[in-house]
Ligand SMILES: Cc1cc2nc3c(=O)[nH]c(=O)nc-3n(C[C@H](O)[C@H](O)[C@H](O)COP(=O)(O)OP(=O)(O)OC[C@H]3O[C@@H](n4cnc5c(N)ncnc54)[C@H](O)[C@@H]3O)c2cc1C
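Consider the single chain below, provided in structure tokens and representing the form predicted alone.
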């Protein structure tokens, strides 16, 4: 393979998880290349303001945090390429990655492509993203202290996040498209305890998010039982209709995924393909927080270092199916 491009580790994605992992690997002289098909920093880079990342008393913009992580990883020698990995092929001690730059090889791989929030696809959603439209209550709920909020969704996450948001909001309108909630009975029972603050609107679609002067002012929907349009005044909209893990490129790799397409790993963050690791928001059981993604990146880097050391000694053991977990 003398004529092949080979690296110690290739990281797919360049969000906080992969950038943190790259800081660790490059500091130990592990040859590291990152591939990012979108924005360096991932979802964090397009988050307006991050108030809960440790070490920043007054918060930090998502773009500034991403830029700092990028510069730190680059300072230690990480190479970041703008391109897309379309397939990972197991060739034993080497993994072949099919990319938009051609085929390259790695002794180990970190999948850190993250997940994206499912979108409503309605007018106003994109225009007011991070300026009144949000997909993470833990990240952005505190901005809505003593304000009104609309929450869209009828599943477990929507109910859980709506109840969490009662810590801040004066009132929450929960818009559910169907004629019943999809959330578990236990959560629906818990929701009843918050009926003074949360109004549930069944059979209600979310059609448009309206604002003035770059501020969200109302949501326009439809009562599907009567066909009548409704308008709900609000200061912000939180959408919880599911996640879309960025794992489409793994479809032919035989790397084990869970029922929604997130990557299963063992306790060492190794996937069902030996030498391929996964961490951050793409991993089954992830908490979808920037701080925890960075922490998993550090852990993955340490596991990769151990794997490479074992690889050199010829003592590679495959991940145990018994330890593969979706949680």
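Residue numbers count along the first chain shown, from 1. Between two forms, the rigid core is defined as the largest C-alpha subset superposing within 1.5 Å. Just so it is clear, the structure is predicted and the values come from calculations on it, not from any experiment.
Omitted here: the form predicted in complex with the ligand. The next part is about that form.
Listed stretches are 188 to 196, 101 to 109, 79 to 87, 121 to 129; the contact stretch with the ligand in the model of the complex is 79 to 87, by a heavy atom cutoff of 4.5 Å. Contact with the ligand in the model of the complex, judged by any heavy atom within 4.5 Å, is made by just one of 295, 274, 261, 38: 38.
Taking non-hydrogen atoms only, residue 114 approaches the ligand to within 4.5 angstroms in the model of the complex. When contacts are judged by a 4.5 Å heavy atom cut-off, residue 291 counts as touching the ligand in the model of the complex. Among heavy atoms of residue 17, some come within 4.5 Å of the ligand in the model of the complex.
At a distance threshold of 4.5 angstroms between non-hydrogen atoms, residue 12 is in contact with the ligand in the model of the complex.
Shown without its partner, the chain has 157, 160, 161 in segment 150 to 166 as residues with a non-hydrogen atom within 4.5 angstroms of the ligand in the model of the complex. Relative to the superposed core, residue 112 undergoes a C-alpha shift smaller than 2 Å between the shown form and the other one.
Core-superposed comparison between the shown form and the other one: the CA of residue 186 exceeds or equals a 2 Å shift. A shift of at least 3 angstroms brings the Cα atoms of residue 296 and residue 155 nearer to each other in the model of the complex than in the displayed structure. Put simply, residue 281 and residue 137 spread apart in the model of the complex: their C-alpha atoms are 3 Å or more farther than in the form shown.
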